[in-house]
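Only one chain is shown below, in structure tokens, and it's the form predicted alone.
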Amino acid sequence: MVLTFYVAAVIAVICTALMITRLKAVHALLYLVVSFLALATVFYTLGAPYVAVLEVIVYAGAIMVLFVFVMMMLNIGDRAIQIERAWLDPKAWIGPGILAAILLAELAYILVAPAGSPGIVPEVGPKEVGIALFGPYLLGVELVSMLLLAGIVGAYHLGWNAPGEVESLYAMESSRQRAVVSGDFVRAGVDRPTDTP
């Protein structure tokens, strides 16, 4: 059982590193799903099947469906269809497929192993998890919640555009269109404010 813990932990670290380094979002999402499944295996080997099931249902299920749904909604047009075809390259599935197969073999080994075999950690139920999280680890839970709140505020700030910024973007686009139509590149940007590039 200790070996399965270490193999799942190594797979989680590898998948997380590969998820961060992938340039295409779909490939990163594939590695993120395998990373979540590896974390669920780690939790299960530590004796927390409740947390492992929540990891699969909430993160590998609901959150990933939300990510994929948002990506599907943002990709509109013929060029996006060509890009999606490039994303579905069969070579992109080899890495996540091999790591997921190793996790599946680990899961089969864990389920087939007899209950009294050495290295099996006793189960921890939801009550014990709640007592631990809101008892000795309360400060850590609150710090994680503050970190998540800071991430949400940062994402909102990065995605927010001031009304003047949107208008200046439209003005720049109309200047470009006027330059193409009239052919006068010097006078096309005359009405543009001086502080815009």
Partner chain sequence: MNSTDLLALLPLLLIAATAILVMLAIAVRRSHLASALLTVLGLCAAFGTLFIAAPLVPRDVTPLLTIDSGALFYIGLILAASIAVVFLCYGYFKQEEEHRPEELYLLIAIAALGSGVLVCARHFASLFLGLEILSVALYGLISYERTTKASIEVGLKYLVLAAASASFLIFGIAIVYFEFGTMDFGGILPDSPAGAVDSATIAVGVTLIVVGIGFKLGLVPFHMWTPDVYEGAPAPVAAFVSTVSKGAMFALLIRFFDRSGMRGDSSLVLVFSIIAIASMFAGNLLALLQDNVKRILAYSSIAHLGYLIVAFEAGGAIGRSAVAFYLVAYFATMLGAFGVVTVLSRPGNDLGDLSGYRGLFWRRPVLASVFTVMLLSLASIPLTAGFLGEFYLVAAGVSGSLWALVIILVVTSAIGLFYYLRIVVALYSRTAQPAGAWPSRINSHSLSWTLGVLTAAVILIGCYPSPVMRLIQTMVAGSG
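Throughout, rigid core stands for the largest set of C-alpha atoms superposing within 1.5 Å between the two forms. These numbers come from a predicted model, not from an experiment. Residue numbers count along the first chain shown, from 1.
The following text describes the form predicted in complex with its partner chain, which does not appear among the structures shown.
Asker: Suppose contact means a heavy atom within 4.5 Å; in the predicted complex, does that hold for all of V144, G151 and H157 with its partner chain?
Answerer: Every residue of the candidate spot has a heavy atom within 4.5 Å of its partner chain in the predicted complex.
Asker: For the stretch 133 to 147, return the residues whose heavy atoms include at least one within 4.5 Å of its partner chain in the predicted complex, in the order they occur.
Answerer: Residues within 4.5 Å: P136, Y137, L138, L139, G140, L143, V144, M146, L147.
Asker: Does L148 move appreciably between the shown form and the other one, meaning a CA displacement of 2 Å or more on the superposed rigid core?
Answerer: The answer is yes; the displacement is at least 2 Å.
Asker: Answer yes if the CA of V53 moves 2 Å or more between the shown form and the other one after aligning the rigid core, and no otherwise.
Answerer: Where the cores coincide, V53 shows only a C-alpha shift between the shown form and the other one that is less than 2 Å.
Asker: Rigid core aligned, does the Cα position of L133 differ by 2 Å or more between the shown form and the other one?
Answerer: After core superposition, the displacement of the L133 C-alpha between the shown form and the other one reaches the 2 Å mark, so yes.
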